[in-house]
Structure formats: C-alpha cells, structure tokens
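Heads up, the chain below is alone and in the form predicted alone; it's given as structure tokens.
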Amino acid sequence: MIFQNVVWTLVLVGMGLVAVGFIYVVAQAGKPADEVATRKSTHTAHVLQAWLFAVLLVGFVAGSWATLHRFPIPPQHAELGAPQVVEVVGRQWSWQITPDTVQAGSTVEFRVTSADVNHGFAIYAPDGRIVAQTQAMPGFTNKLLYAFRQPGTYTVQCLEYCGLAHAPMRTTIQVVAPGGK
C-alpha cells in the first residue's frame, strides 16, 4: 500500500471517530445527569484528552522523523569535502557562478550567498524538472550538495521574488562527462 493511501485511511478513520464522538455527545445532551455521573464523565473526558494529545504528539514526532531523517541538509559550518566546489553569488538580477562548468558523476558543493536581498537558488535539469534548491541570503552562505548524473546544460533560476527583473534572473551551468572540459 502506498504511503498516500495509508495517510488517507488514517485521516478517514480519524474523521469517523470524531463524527462518532459528536453523535455520542448529541445523544447524551438531553439526558439528566447526577453529580457522580458528571464527575465520572469529566474524568473520562480528561483522560481521553490526555491520551489523544499523547497519540497526536507521538504521531507528529514519528511522522516528522519518518519524512525528514533522510532529508539531505549538509552541515553548514563544516568542511564538506566535496571534490568540486562552486561559489554562487546572487544579486539583483543575475547569478555569478564560479566555475560554471562541473563534471557529472561526482558531488558538487554549492556555496550560495547573496550580495543584496534574498534569492531562491534553484537548479533545473535539461528536461525542466527542479533537481536542487536553497536560499541565497545576504551575510550567510548556504551549502548545497548535489551530484549531477547526466551531462547537459542545467538552468539556474531565482525562485524568490527579488524585484522588477526577477523573472529573467537565470543563467546556466554546464555539466560535462567525467574527464571532460
């Protein structure tokens, strides 16, 4: 079963339980209650709230870990040891990329910063799909690791509105076969 189907099943079951809870409350609304029954139902409600909170908290933590533990965020304040390093500076409205040619098949460390405002640094494959992205921020260098699999011309585009000429803020990176120039 695909992950999306599991999530939908859990959501539908949860919605069903909430609906059953509402139906129960509505059914009990017209019945008179004595003091003992009121205390008992209040205690039961507090216990259910505590359990629901615990289940939601554990579910949130487990879900966050399951979806983010493989997320490729390299350490930002350490040497990454990539065989290729590319310095990237975004400025209104251009990219300065040095060098602009890299080799396919080995990891490239992009050191991305901005000279003026925030920019969204995105690399698009020759087929138009986005393959990597990070933020270019003034006064901070974000490190991005990516290994190009195929040679070709990759497009770099700004993903964050940075002023009037934001749309044409793009350039290219040439990815050559290993050993090529």
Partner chain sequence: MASLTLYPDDERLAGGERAAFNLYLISALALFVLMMLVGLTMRMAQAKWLSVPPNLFYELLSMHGAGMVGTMALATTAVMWFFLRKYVRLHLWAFVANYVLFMLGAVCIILSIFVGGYGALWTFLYPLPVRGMGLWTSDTAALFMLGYLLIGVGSLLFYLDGAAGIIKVHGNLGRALGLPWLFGGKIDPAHPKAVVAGTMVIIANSLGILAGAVVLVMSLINIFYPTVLLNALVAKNLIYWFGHMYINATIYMGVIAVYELLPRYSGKPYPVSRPFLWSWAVSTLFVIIVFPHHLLMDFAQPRWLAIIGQVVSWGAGFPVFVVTAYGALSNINRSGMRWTMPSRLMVLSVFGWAAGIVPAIMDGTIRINLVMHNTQWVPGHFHFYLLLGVLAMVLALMFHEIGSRAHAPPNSGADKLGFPIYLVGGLIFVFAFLDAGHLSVPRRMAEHLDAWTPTDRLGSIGAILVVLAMLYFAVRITVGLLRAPRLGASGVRAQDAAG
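The term rigid core refers to the most C-alpha atoms you can superpose between the two forms while keeping them within 1.5 Å. Numbering follows the first chain given and starts at 1. Remember, it's a predicted structure, so these values are computed and weren't measured experimentally.
Here the subject shifts to the form predicted together with the partner chain, a form of this protein not shown in this document.
- Taking non-hydrogen atoms only, residue 173 never approaches the partner chain to within 4.5 angstroms in the predicted bound form.
- Taking non-hydrogen atoms only, residue 103 never approaches the partner chain to within 4.5 angstroms in the predicted bound form.
- Although the partner is absent here, residue 73 is a contact residue: one of its heavy atoms lies within 4.5 angstroms of the partner chain in the predicted bound form.
- In the predicted bound form, at least one heavy atom of residue 144 sits within 4.5 Å of the partner chain.
- Counting a residue when any of its non-hydrogen atoms is within 4.5 Å of the partner chain in the predicted bound form, the hits in 108-135 run 116, 117, 118, 124, 128, 129, 130, 131, 132, 133, 134, 135.
- A movement of the C-alpha atom of residue 165 falling short of 2 angstroms is seen between this form and the one not shown when the two forms are aligned on their rigid core.
- Residue 49 is among the residues whose C-alpha shifts by 2 Å or more between this form and the one not shown once the rigid core is aligned.
- Core-superposed comparison between this form and the one not shown: the Cα of residue 155 travels less than 2 Å.
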